[in-house]
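The form predicted alone is given below as one chain in structure tokens.
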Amino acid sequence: MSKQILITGGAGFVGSHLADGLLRAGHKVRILDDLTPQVHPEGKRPEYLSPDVELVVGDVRDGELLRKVLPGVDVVYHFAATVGVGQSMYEISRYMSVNTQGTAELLQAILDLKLAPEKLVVASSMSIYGEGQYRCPQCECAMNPPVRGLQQLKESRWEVHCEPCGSALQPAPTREDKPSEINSMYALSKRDQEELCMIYGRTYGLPVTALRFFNIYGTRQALSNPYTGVAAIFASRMLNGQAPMVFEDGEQMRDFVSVHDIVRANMLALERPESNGRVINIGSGRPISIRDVASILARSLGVDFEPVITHKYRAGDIRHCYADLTLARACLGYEPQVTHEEGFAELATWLQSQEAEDKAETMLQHLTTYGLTA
């Protein structure tokens, strides 16, 4: 049955892919997006956005506008957010305003209009966890270590260690019940988004699913945004004849997940009532080092660039984190389908037709100015 669906922040990378999937499934899609210049430098409707999408240009913090776009909507996907850990540490008020206050305005508008959507799906983030989960090989037990302190980072001691025995901890899949340890303003604002929506759902009987996305990559990423995903940042460097710059020693592990798998998970959340009231990891479940991401991208692009290992740190970064997908499989029937090799090859093919302005040095200057890297 066709539904009217609203995607806040839907003109961007992930939202536009979701819009395509929803349209293919026979739904009607309305998007509210402010076309922020950092993501949309030309400030106009992106060419990749389907002509079948109804685009309303505006800010999610605009309560009056929300009261115009929400009536008649069956399902809301709340994707509107300012993203990027590093930038959030020096643009504090903007991140908290767009992400936290924007979510509050959306929920307030739904309440004031006395609407009862069938479902609200909110895009959450793995950044909420802080460090991922670990296991101590000596103590043979699971660990939830605290985030690394500034002094440890300044001394280039990158790994997380077991406090009782001092052994380097081994990363393990991170479950949804891991205690949250917020390490950046971005993470705090994403936890706000998630908790606001879940509280609203419990209070007013609105079915809500929070999907904690891990590191998403794919076509349509904003290549000239130095705070977008690391794969796009690396690609922008290489397309401009520069080697990618890698923080720390490059061995930090992340969970890179194709945008196609992210779309699949969101579509399943719409169909599966078992996901109601749940917070669910969405990733590939397959950890990969940042150094290896740079190498795979270089091979896919056909360039001969070895990553520059800077041995610098960024405030807010964690060491290792990848997804435990047990709950996603049980509640959504989700199974990642795109391998890193397939996904990065698709990304590389798309990149060949793109122009990317490399702003990595600008990002470093900003972080250095505020004492957020060394």
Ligand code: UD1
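Nothing here was measured: the structure is a model prediction, and the numbers come from that model. One-based numbering along the sequence shown.
Just so it is clear, the following notes concern the form predicted in complex with the ligand, a form of the same protein that is not shown.
Partner contacts here mean any heavy atom within 4.5 Å of the ligand in the model of the complex, and among 171-179, 152-160, 251-259, 106-114 they occur only in 251-259.
Contact annotation: residue 133 falls outside 4.5 Å of the ligand in the model of the complex, judged by heavy atom distances. Using a 4.5 angstroms threshold between heavy atoms, residue 324 stays clear of the ligand in the model of the complex. Interface residue remark: residue 265 is not counted as part of the site for the ligand in the model of the complex, having no heavy atom within 4.5 Å.
Contact between residue 247 and the ligand in the model of the complex is found at the 4.5 Å heavy atom cutoff. Each of 84, 127 and 317 comes within 4.5 Å of the ligand in the model of the complex, counting any heavy atom. Among the residues 296, 208, 233, 280, the one placing a heavy atom within 4.5 Å of the ligand in the model of the complex is 233. This chain appears without its partner; in the model of the complex, the one residue of 121, 89, 290, 238 with a heavy atom within 4.5 Å of the ligand is 290. Contacts between stretch 154-193 and the ligand, counted in the model of the complex as any heavy atom lying within 4.5 Å, involve 186 alone.
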